[in-house]
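One chain comes next, on its own, written as structure tokens: the form predicted alone.
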């Protein structure tokens, strides 16, 4: 069975558990006072040496799980008063977090625990031995290991077969639509390309932003345009083996939407946060985003939203029912910390605590993500349930295209969005330019 098929089967299994609402809560019994999570008595009289830890994550800014994550850290410190934790966070919408992580990992300033992407983004510090494989630690702690859904751990493997990151929650991405705006303007949901073009044209004429996306931080626009035009198999290959003309069709599709007035007039200067604000405030009718964004929108917009796959680009290889999703992030354990006898055991305990079923349930409830543990998440908005249903019915679920190419290549793809849509570059020139960057970074 192909890896893409395994990915689809695994993810569909996860989402079907939500739809059936039959997920059992495997949360372990809370420890009694004076006991550790394994039930071992602890001495209230023995004083432990202070331990200072730094945890870096993207649970910052307006992230929906920011408070929930801080709460989990506070809970660990309350149970372990000898521990102090620096909660070092940045927003995932700020591209500077990638620079910070790479700088820290390359200069000996790595955090004790790092919440970051799985896949290509992590290859540099994984290959450099900056983080430790978790395989043995998982095997040595069967209660912790068994708290994960097996497919979540499987999807966290790097190319060398090792698991370096403990997953927390997964995600799906799609085309979020404000149903109220569509209904008020007599529009059908944009389930195919013609309906999308019709909606863009009519909304633009009325002064409503049809599709709220930025050009510089055009991550999700690129992901969906390429996947819907090239299909999951070509998207998974990236650019290292050659250029698929369907990638060019994805960029041509962006220009077609631009010519119809799809994007904000200030798309060249806004970032992902501002694009999200436009949608949240009802100024935009659609947005390409991930499940994590739902909690940051106004209640009115959240209640009026649904999510569907980005429609297939005509003449491409996509089915119109292909989506981006999976378990793309997790907690890494620094090799320097692992080798530090004063920190090692405490950091491992914190890692286990952060990715326990109880903690996973809290984070998933806050951000609407797919939990990496078999826990029931309640109180989600209908749009989140729509997202689970979308994923369960998808023909394929692929990890983002930025996990299939180098960071430099993806930056190149982003920088070429504005020149292509404004006619300064052709789609062919843009993809060939990205191909050169990919070749240079893979040699």
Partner chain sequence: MKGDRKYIFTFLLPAAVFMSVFLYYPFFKSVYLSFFRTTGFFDKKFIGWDNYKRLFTDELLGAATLHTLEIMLYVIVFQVGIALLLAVLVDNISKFKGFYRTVFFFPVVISGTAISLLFVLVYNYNFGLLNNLLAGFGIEKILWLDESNALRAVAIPTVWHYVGFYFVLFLTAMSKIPSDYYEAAKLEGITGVKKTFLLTIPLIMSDIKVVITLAITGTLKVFEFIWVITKGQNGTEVLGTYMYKKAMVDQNFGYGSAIAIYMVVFGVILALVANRLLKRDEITY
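Residue numbers count along the first chain shown, from 1. Because the structure is a prediction, the values reported are computed rather than measured. Take the two forms, find the largest set of C-alpha atoms that superpose within 1.5 Å, and that set is the rigid core.
Just so it is clear, the following notes concern the form predicted together with the partner chain, a form of the same protein that is not shown.
- Although the partner is absent here, residue 274 sits close enough that one of its heavy atoms falls within 4.5 Å of the partner chain in the predicted bound form.
- In the predicted bound form, the partner chain lies farther than 4.5 Å from every heavy atom of residue 137.
- Although the partner is absent from this view, residue 217 contacts the partner chain in the predicted bound form, with a non-hydrogen atom inside 4.5 angstroms.
- Taking non-hydrogen atoms only, residue 76 never approaches the partner chain to within 4.5 angstroms in the predicted bound form.
- Using a 4.5 Å heavy atom cutoff, none of 252, 331 and 428 lies near the partner chain in the predicted bound form.
- Considering the partner chain in the predicted bound form, the lone stretch of 208-216, 351-359, 244-252, 146-154 in range is 208-216 [heavy atom distance within 4.5 Å].
- With the partner omitted here, the residue from 302, 202, 344, 98 that has a non-hydrogen atom within 4.5 angstroms of the partner chain in the predicted bound form is 98.
- For the options 283, 132, 189, 260, the residue carrying a heavy atom within 4.5 angstroms of the partner chain in the predicted bound form is 283.
- Using a 4.5 Å cut-off on any heavy atom, none of the residues of 353-383 reaches the partner chain in the predicted bound form.
- Remark: with the core as the superposition reference, the CA shift of residue 124 between the shown form and the other one reaches 2 Å or more.
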